[in-house]
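Okay, so here's just one chain, in structure tokens, the form predicted on its own.
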């Protein structure tokens, strides 16, 4: 059964108008579409904090996973500041503010992850402030070298699945998990096709448009998101475009807290063609389709270790982040790298030291920019990007 929002989306035959409609959908701090999904399906709503959640398990258990990435600049922080230090990133505070202002009432629960110290603390703060909510925490393995890391994560996923079954009242079979994996494989494949199209035709499919298409998956059911992506692909392939005098870049550092759509637009207007990025990384977490004919829970655990993207919040000593970024730049034909990190993001700032050394050694130009989700003015960042673009074009 389609939501009213999805029914309207499928009638839109212009990509720009489609993106404008999606922005209203995912920038709504009241989560009206989520409430409609709950009313239509009867499924419990589970919020998933960035970066990655095993959404297949929530779907298999009969819940609807909703991506929670804070509230952007849509609400003021009036209550959450009293629960956290001043030097904590915006996404932590604005997510808590959503709860403290009763905007998460339709959410039965929220899942947090071991991505950083503030996220770990936020889970405890939620438990204390919302004792009636179902709050869970996933401890991802920190040592991915040994096979025991897969055993550990499989056990962690099974513990989570037991909790989900208690919440939804559904007994989850292995077939349920594999069917959910197959659905999310389809969604990831469609997003991968759009990313490949944007890499080859950034003057046709802008990052602002692609970001909106991916972000909608945080709100819609996976079935509706697949239909949206299929519709968008049809529109993209017939959309006209004109080559621009831009530099081609890879953007990294925005894996958790998200920049506003206006900031993304400002960077593109300043002269960037973004060939790849790590926005909303959890929705594209796996590098290939996952098998759907085995032990589904173990498949997800094994894929986390061996088939997932590189990330500042996943610690894999088998891979060097700096070397992989350099290889990504060279294989894509990018001219430079933009390291775009939220204020007070320790994982992002730690990795910048690694990226900077690798990029300098490889002779690849880069620009470091800092943002926060509550930014309203983008003149400073736009000027920095324009200056960087001009320095490369005139070199």
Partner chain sequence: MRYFAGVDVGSTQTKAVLVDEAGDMVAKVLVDTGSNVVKAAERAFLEAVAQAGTRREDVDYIVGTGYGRFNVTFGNDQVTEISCHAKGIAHVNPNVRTVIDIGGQDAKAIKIDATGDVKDFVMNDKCAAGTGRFLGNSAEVLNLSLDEIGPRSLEAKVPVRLSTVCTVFVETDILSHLALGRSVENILGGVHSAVAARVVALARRVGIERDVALTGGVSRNVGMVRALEHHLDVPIYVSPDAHFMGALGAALFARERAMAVAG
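Positions refer to the first chain, counted from 1. What you see is a predicted model, and the numbers here were worked out from it, not measured in a lab.
Below: the form predicted in complex with its partner chain, not depicted.
**Student:** Applying a 4.5 Å heavy atom distance criterion, does residue 367 contact its partner chain in the model of the complex?
**Tutor:** It does: once its partner chain is placed as it appears in the model of the complex, residue 367 has a heavy atom within 4.5 Å of it.
**Student:** Taking its partner chain as it sits in the model of the complex, is residue 10 in contact with it (heavy atom to heavy atom, 4.5 Å or less)?
**Tutor:** Judged by the heavy-atom cut-off of 4.5 Å, residue 10 is well away from its partner chain in the model of the complex.
**Student:** Please tell me whether any heavy atom belonging to residue 32 falls inside 4.5 Å of a heavy atom of its partner chain, as the geometry stands in the model of the complex.
**Tutor:** Judged by the heavy-atom cut-off of 4.5 Å, residue 32 is well away from its partner chain in the model of the complex.
**Student:** Verify the contact flag for residue 14: yes if a non-hydrogen atom of it lies within 4.5 Å of a non-hydrogen atom of its partner chain in the model of the complex, no if not.
**Tutor:** No, no contact at 4.5 Å.
**Student:** Scan 329 to 365 and note down the residues that get a heavy atom within 4.5 Å of its partner chain in the model of the complex; none is a fine answer too.
**Tutor:** Stretch hits: a single one, 343.
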